[in-house]
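Have a look below at one chain only, the form predicted on its own, in structure tokens format.
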Amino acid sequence: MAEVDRSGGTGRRALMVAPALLVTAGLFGGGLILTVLQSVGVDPVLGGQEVNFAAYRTLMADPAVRASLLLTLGVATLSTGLSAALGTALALLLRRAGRARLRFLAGLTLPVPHVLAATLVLLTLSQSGLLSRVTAALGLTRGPQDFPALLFDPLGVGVVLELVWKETPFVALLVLAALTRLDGRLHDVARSLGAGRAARFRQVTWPAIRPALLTACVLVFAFALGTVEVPLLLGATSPTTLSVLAYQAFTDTDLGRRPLAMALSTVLAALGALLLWSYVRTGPSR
């Protein structure tokens, strides 16, 4: 009887999520199939009827694409690592402070669109921006030429700074939600057994926040992997990220570059799928 009930419950849950799954499968799955087909040259609108891998061979032979791949992975990894470290530290501070007003202030950047956030970073950190003018006014620099070039650099420093600024509060709030479910008496027990601060974090706090932190890292990495607007506004023109290369190829007036754009998008989708597979294999449910 219990098995029947569990089966019925599973069926009801499947029916409840079916509309969302159908929309996701229809929109995302259909778009992904069209992208893959066009990346291998199958595009009746442009006259492509036969499968070929010319676009992928072009990508593999182009050193600019390899540089873009390294830049994309580097920016995503660094942004995720810094956001995770700073977000965790911020969550611990907010929990210790215990004031709802500070939590509200910490989340103020969340509703800010990334396009607007990138524009604010541009106005603040560019060599002719606000911070440059302040340092010049204080006599710390002689002018814009002395201010460090943080934006439009080939290492993507400006892109990383914007992503860390936006994603750190997001990580902090997820970790803070996990911390609020942690029984504080566990810390008292560990302290009574002689555990120091580092040992209490490793044995009590870390197991409690690890699932939320891992989920946040996957979401931040996936966003950093595919974002277009931030590297387009704050990154260098060469090398640039794979997403910007795909956007430039897709909007090119030469329709012959369309398979190249689709091949780049397919590579990004494959990286996202690899990330999702790794998360499922090592995630909190394991």
Partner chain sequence: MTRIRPTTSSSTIMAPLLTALLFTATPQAAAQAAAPAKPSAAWTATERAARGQTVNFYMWGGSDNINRYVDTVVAPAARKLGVTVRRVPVTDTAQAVNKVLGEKRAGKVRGGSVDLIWINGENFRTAQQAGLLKTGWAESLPNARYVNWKSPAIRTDFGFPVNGSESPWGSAQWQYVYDSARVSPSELPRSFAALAAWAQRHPGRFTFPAPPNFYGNRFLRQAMFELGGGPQAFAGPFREATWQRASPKLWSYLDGLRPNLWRGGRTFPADLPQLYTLFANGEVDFAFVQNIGGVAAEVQRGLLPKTARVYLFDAGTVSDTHFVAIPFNAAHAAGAQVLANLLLRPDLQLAKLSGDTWGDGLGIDPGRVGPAFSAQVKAALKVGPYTLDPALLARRSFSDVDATYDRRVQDGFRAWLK
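Predicted, not measured: the structure shown is a model, and the values here were computed from it. Residue numbers count along the first chain shown, from 1.
There is another form of this protein, the form predicted together with the partner chain, and it is not shown here; the text below is about that form.
**Student:** Of I33, L27, L70, L46, which residue is found within 4.5 angstroms of the partner chain in the predicted complex when only non-hydrogen atoms are counted?
**Tutor:** After the contact test, the surviving option is L46.
**Student:** May I ask you to choose, among A149, L116, L105, L140, the residue with a heavy atom within 4.5 Å of the partner chain in the predicted complex?
**Tutor:** Looking at the other structure, the residue within range turns out to be A149.
**Student:** Decide whether A55 counts as a contact residue for the partner chain in the predicted complex under a heavy atom distance cut-off of 4.5 Å.
**Tutor:** Contact with the partner chain, no.
**Student:** When the contact criterion is heavy atoms within 4.5 Å, does T109 count as touching the partner chain in the predicted complex?
**Tutor:** T109: no contact with the partner chain in the predicted complex.
**Student:** Spell out, yes or no, whether the shortest heavy atom distance between R133 and the partner chain in the predicted complex is within 4.5 Å.
**Tutor:** Result yes; R133 sits at the interface with the partner chain in the predicted complex.
**Student:** Even though the partner isn't displayed, in the predicted complex is S128 close enough to the partner chain, meaning a heavy atom within 4.5 Å?
**Tutor:** Yes - in the predicted complex, heavy atoms of S128 and the partner chain come within 4.5 Å of each other.
**Student:** Among 120-128, 171-179, 189-197, 71-79, mark the stretch whose residues have heavy atoms within 4.5 Å of the partner chain in the predicted complex.
**Tutor:** Comparing against the partner chain in the predicted complex, the contact stretch is 120-128.
**Student:** Can you tell me which residues in 54-71 come within 4.5 angstroms of the partner chain in the predicted complex, by heavy atoms?
**Tutor:** Result: D62, P63, A64.
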